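Next comes just one chain, in structure tokens: the form predicted alone.
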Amino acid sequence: MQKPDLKEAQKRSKKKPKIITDFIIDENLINLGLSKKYFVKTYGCQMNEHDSEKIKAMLEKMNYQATSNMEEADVIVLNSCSIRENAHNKVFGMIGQLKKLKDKNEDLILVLCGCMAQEEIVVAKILEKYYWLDIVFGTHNINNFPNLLGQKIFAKKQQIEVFSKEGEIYEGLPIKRKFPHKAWVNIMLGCDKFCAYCIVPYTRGKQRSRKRKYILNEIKDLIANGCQEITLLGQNVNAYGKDLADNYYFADLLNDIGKLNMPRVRFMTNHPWDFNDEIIFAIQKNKNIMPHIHLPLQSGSDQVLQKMNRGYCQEEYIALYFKLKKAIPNICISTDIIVGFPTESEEDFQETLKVVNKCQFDYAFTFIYSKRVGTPAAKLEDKIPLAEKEKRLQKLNKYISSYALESNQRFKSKEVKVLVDGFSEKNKQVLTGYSEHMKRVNFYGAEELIGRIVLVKITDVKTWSLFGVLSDEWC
């Protein structure tokens, strides 16, 4: 048994991460999944979604087959998120529900992995209350999942293996892509920013940039297989390369990717701290880089930003925002905002509203502060009543919704290019996808358009989506 250690997880050294390229599934495990099915449920960010693609691929290499019905699965994997308490509660709630399935089928294998598994308090709680979980592993040893599964089946013992360390880089892991026409591509792992409220540096480890050759080769393979869009992933993508010693940074990577025949390139998430002019020039220069930037604000108050350890002030954020607006015509900028951070006064909250009203974001992900055990912010005294936090969130969201609708209005009666993902969950006759500006667009169309970039004329505008008709040249 290997349990997580928070103190070990926060350590940082100058040691270069090891690059591991020799992923092999033992031949004794290859046929474990014959006539068996698996179900993977993912919580949280795109990084978790991408990790789940690797988990699914490993299971299929062991001859398991996917099922959308949890009750008929032989292996159920919960890939968890730890960013907020609500995410914790959802996962523990699901683990509780799964006990009923375990009671019916003692051979059912239940797995918890991802960021939650990296937390000391979570593993302690599992050992105390959730004994029916069979396998627990973290973010640093996803490559060992097949072996843990084999050990559970053969030894019939609970497997807990969670390492708290700076981390390695695994190349060559299999991937079962969610879509054939678009893909996530990790360019870096981990984070060294240590924002006061954030658990990610502890759960994901040290900032580790992938070598450019692995990234570019992965993208070339995607192009060869007809992929139309990639999203470059990292906890702070614009810090790419700062941990390497070859003077090759994010702007350089964007320029190299821009030369490839990939129709659409996106990236997230950014940190204002590392967003420099070279990155802006690269976006300007390369027309296949989409005109949408996600630029987390978190707070508009200098006092709160300092306590958050964000590394910038209100004035610097606003200056960057308008530099992007000026440099890239029609760019859409989205953001993240936290309300109710410990010590946030009404005056601090008004400073956040000031920035929102000045920047008028295209959309925003807004949250009430969630205490994460082990982070510096968790030690701050929080005197703000929950009712007050909820009031602030509601007020903030009114502004966000208003500006989101206003932003969408500018696309009315215009034609936009849409990469079609599939049919809408609400209406199976309506296709849905995203424009270059990351606006969801719905329209009536044929199944043959899925995976293609089509031209849609916008006829109706809502707060969070657009509706249109397929242009004549695409009919």
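Only a predicted model underlies this, so the values are computations on that prediction, with no experimental measurement involved. Sequential numbering from 1, following the sequence displayed.
Same protein, other form: the form predicted in complex with a small molecule, not shown, and the subject of what follows.
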Exercise. According to a 4.5 angstroms non-hydrogen atom cut-off, is T231 in contact with the small molecule in the model of the complex?
Worked result: no
message: Quick check on Q298: any heavy atom within 4.5 Å of the small molecule in the model of the complex?
response: yes
4.5 angstroms heavy atom contact with the small molecule in the model of the complex for R84
yes
Quiz item: Is there a heavy atom of V162 no more than 4.5 Å from a heavy atom of the small molecule in the model of the complex?
Solution: no
Assert contact_stretch over 71 to 79, 104 to 112, 137 to 145, 368 to 376 against the small molecule in the model of the complex, heavy atom within 4.5 Å, equals 368 to 376
Assert contact residue (the small molecule, in the model of the complex, non-hydrogen atom within 4.5 Å, options E388, D382, E278, D336) equals D336
Checked Y321, Y240, F349, Y197 for heavy atoms within 4.5 Å of the small molecule in the model of the complex; positive is Y197
